[in-house]
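Here's a solo chain for you in structure tokens, the form predicted on its own.
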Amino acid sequence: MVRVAVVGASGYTGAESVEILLGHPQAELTYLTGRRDCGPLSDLFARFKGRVSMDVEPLDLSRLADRADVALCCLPHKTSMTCVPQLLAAGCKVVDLSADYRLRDAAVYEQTYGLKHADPANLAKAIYGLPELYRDQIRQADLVANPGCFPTAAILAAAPLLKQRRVRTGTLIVNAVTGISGAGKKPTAAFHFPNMNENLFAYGVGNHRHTPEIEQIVSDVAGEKVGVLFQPHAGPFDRGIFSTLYMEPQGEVTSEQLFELFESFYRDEPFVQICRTSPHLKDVTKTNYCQLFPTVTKGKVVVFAALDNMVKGAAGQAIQNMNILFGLDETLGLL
């Protein structure tokens, strides 16, 4: 039985991690921490009444070291890197759900997030936690950088095409829409209900912080530099990511050939499903699946991708990575 601490259990991804772990047959939830909101978890999230009797406590490393084999670190960007070194020093493996260990180059991180990286030593050791591409490295890791929700959808949609050199590597266009939970638990004016309801808008125009993350991994896959034009939007729904990717084909290709390519590339992947029509967010909500629909239209390669930003885009993928770290069936606890 793997003993699991959720660090940052009072946030959305922390609560989602708890929800999934409650149904995990080989994991025991042993420690919950919070930065500001502490007390009974069921007081913070009423859905846990009668299901979880644990308190969310201030982080105490000695307690964590005694109670946990792995920490799911659900702290915000820029905060996580101040905590992760202590978690590792306490003898825990760590799956970090923030962006603090995703970008290998500290200078790129500093340019993107606007502050100096506090833990460059562990940044160099972190493994990017996309199992479909880095499973073997994840097995050997102590620190896994869980991918962002937008990057997960974009990378899974592009990887077969780049790996097999079926598209040009000039500029990959990613047009994506996220639900409101992607903004996190802290209220903001933009996501206030009267502003968000029946609305749709673009944000992070030209400089969204997930762009370097997508570029880093698709360039890995392609074996050369790939530029990405990434434009996110926010839509009036609770959860989900829907992305559309546009690419220039390398030579002639048909929709049927693309379907066969994707089917072959992801044949052994339990959480990637290839569709013959556009996926729907409702079909992946509260699951760890990413659904992909590749096609050719007007001479362009177009791939549609859908996933739940709270599950395959965050907590579910973190638990998939945890399963791999401990040699478990990686589907355990996950739908």
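The numbering used is simple: start at 1 and walk along the sequence shown. Please read all numbers here as calculations on a predicted model, not as lab measurements.
The form predicted together with a further copy of the same chain exists for this protein as well; it is not shown, and the discussion that follows is about that form.
Asker: Does the 4.5 Å heavy atom contact test between residue 206 and a further copy of the same chain in the predicted bound form come out positive?
Answerer: Contact with a further copy of the same chain, yes.
Asker: Can you tell me whether residue 62 touches a further copy of the same chain? I mean in the predicted bound form, with a 4.5 angstroms heavy atom cut-off.
Answerer: Taking the distances in the predicted bound form, the answer for residue 62 is no, it never comes within 4.5 Å of a further copy of the same chain.
Asker: Test of understanding: in the predicted bound form, would residue 268 fall inside 4.5 Å of a further copy of the same chain by heavy atoms?
Answerer: Close contact is absent here: in the predicted bound form, residue 268 is far from a further copy of the same chain, nothing within 4.5 Å, heavy atoms only.
Asker: Please tell me whether any heavy atom belonging to residue 35 falls inside 4.5 Å of a heavy atom of a further copy of the same chain, as the geometry stands in the predicted bound form.
Answerer: Answer no; every heavy atom of residue 35 is more than 4.5 Å from a further copy of the same chain in the predicted bound form.
Asker: State the residue from 86, 219, 231, 79 whose non-hydrogen atoms include one within 4.5 Å of a further copy of the same chain in the predicted bound form.
Answerer: Contact with a further copy of the same chain in the predicted bound form is made by 231 alone.
Asker: Report the stretch among 150-158, 221-229, 69-77, 111-119 that approaches a further copy of the same chain in the predicted bound form to within 4.5 Å, counting heavy atoms only.
Answerer: Answer to the contact question: 221-229.
Asker: If the criterion is a non-hydrogen atom within 4.5 angstroms, does every one of 40, 90 and 101 touch a further copy of the same chain in the predicted bound form?
Answerer: Contact check failed for every one of 40, 90 and 101.
Asker: Taking a further copy of the same chain as it sits in the predicted bound form, which residues of 191-208 have a non-hydrogen atom within 4.5 Å of it? Please list them.
Answerer: Result: 191, 192, 193, 194, 195, 196, 197, 198, 199, 200, 201, 202, 205, 206.
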